[in-house]
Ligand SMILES: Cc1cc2nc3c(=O)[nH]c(=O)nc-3n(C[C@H](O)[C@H](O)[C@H](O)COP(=O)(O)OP(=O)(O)OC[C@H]3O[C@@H](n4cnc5c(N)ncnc54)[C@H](O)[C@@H]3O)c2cc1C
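Take a look at this single chain, the form predicted on its own, given in structure tokens.
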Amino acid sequence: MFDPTIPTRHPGRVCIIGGGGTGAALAYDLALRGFSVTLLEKGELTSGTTGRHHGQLHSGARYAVGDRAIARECMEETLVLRRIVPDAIEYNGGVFAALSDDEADYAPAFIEACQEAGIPAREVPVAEACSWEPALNPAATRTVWVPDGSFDAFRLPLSFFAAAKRLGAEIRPFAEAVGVEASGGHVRAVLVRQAGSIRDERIECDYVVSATGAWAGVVGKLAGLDVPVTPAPGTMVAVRGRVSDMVISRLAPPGDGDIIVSQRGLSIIGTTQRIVDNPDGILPVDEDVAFMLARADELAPGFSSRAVHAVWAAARPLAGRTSGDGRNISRDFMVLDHAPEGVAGMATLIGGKATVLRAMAEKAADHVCRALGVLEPCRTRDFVLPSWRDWYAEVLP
């Protein structure tokens, strides 16, 4: 049973803007440390990037060659999430397959990088990999097993929301932050407009954290800030039926259309990447769909013959700015304190990946504690979260 001991309540009031996975984990972390927490989300919970991503639980293998630190962090967080949110995760493993000579030559460097990052990758015979996943292209020349998995993009954050709610956090979907009020160089309140209302409500707080992902720049402007975030949408295609249980990836540096993830009764091929100025109203690109299906057929022949269930796009919140396609920007995350810009009492959490949502929240919560002079450690590793189903029990009268 989820029943952690709560420390003495602190007078600090924290307002979180953004109801995706990171906001959910942060609301839980801060409530567990004894803060009064209000979370605002302009739409339904997880209705931004969180509810539209691939759903891959990254072991970190994909990033190991380019960034050992990020890869190691992904591996560590997969183990934490497996333990604290078990009913939202499928930990079936993954296979990286080489389909060309160049990709086969990439295998030794890939395996070495994974092992240096603490990821127990190992090469397996192609025949063995195909026995695990018969849909895998038998023309593959080398295959590598990694501890990848998948998770439900809605249910996992909902478990964090259920825990936060049980600890006293106020979670408010359909409540849009429309202003940040400051005086004397310090944030004093957030102005919020509830859906269906014509009046703005003033929520007094001691600290504001923007956990709005690709919308961080939009929210930053409410406080007169220029937040360096690059919305980088990508197209994904889901077909009906499970092509595989394991995650199937291309044995190559990260690129477009190189991962197949099965979710419940669907298989998803992803993704492409482009840069936009505005993360709202993003639509998939038609030519991307044909490209993705063709790439999926290379990994799992016959993928494109399945009925298409859905096509969509999601905007990654890359930390920083770029003039290219964004692949040169690190997948690391950062907490930006806006006090040096004249807006004390506000920070923005940007970058990162869904797999490290708990670690991102820990870093942001540590920052809030330092800013408000509170000495409370992070304990979000210590408790198995309530089921996502408990969220409905918590919100129903």
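When you see a residue number, it is the position in the sequence shown, counting from 1. Quick caveat: nothing in here was measured; it's all calculated off a predicted structure.
The protein also exists as the form predicted together with the named molecule; that form is not presented, and the subsequent description refers to it.
Enquirer: Taking any heavy atom pair closer than or equal to 4.5 Å as contact, tell me whether residue 41 reaches the named molecule in the model of the complex.
Expert: Contact with the named molecule, yes.
Enquirer: I'd like to know whether residue 151 contacts the named molecule in the model of the complex, with contact meaning heavy atoms within 4.5 angstroms.
Expert: Close contact exists here: in the model of the complex, residue 151 approaches the named molecule to within 4.5 Å, heavy atoms only.
Enquirer: Check residue 49 for me: does it contact the named molecule in the model of the complex (non-hydrogen atoms, 4.5 angstroms)?
Expert: Contact check for residue 49: yes, within 4.5 Å of the named molecule in the model of the complex.
Enquirer: Looking in the model of the complex, any heavy atom of residue 94 within 4.5 Å of the named molecule?
Expert: Contact check for residue 94: no, nothing within 4.5 Å of the named molecule in the model of the complex.
Enquirer: Only one of 30-38, 368-376, 340-348, 49-57 has heavy atoms within 4.5 Å of the named molecule in the model of the complex; I'd like to know which.
Expert: Looking at the partner contacts, the answer comes out as 49-57.
Enquirer: Work out which of 219, 71, 229, 164 lies within 4.5 Å of the named molecule in the model of the complex, going by heavy atoms.
Expert: After the contact test, the surviving option is 219.
Enquirer: Out of 296, 314, 237, 146, which one falls within 4.5 Å of the named molecule in the model of the complex, going by heavy atoms?
Expert: Selected residue: 314.
Enquirer: Since the partner is left out here, which residues of 1-31 would have a heavy atom within 4.5 Å of the named molecule in the model of the complex?
Expert: Heavy-atom contacts within 4.5 Å come from 17, 18, 19, 20, 21, 22, 23.
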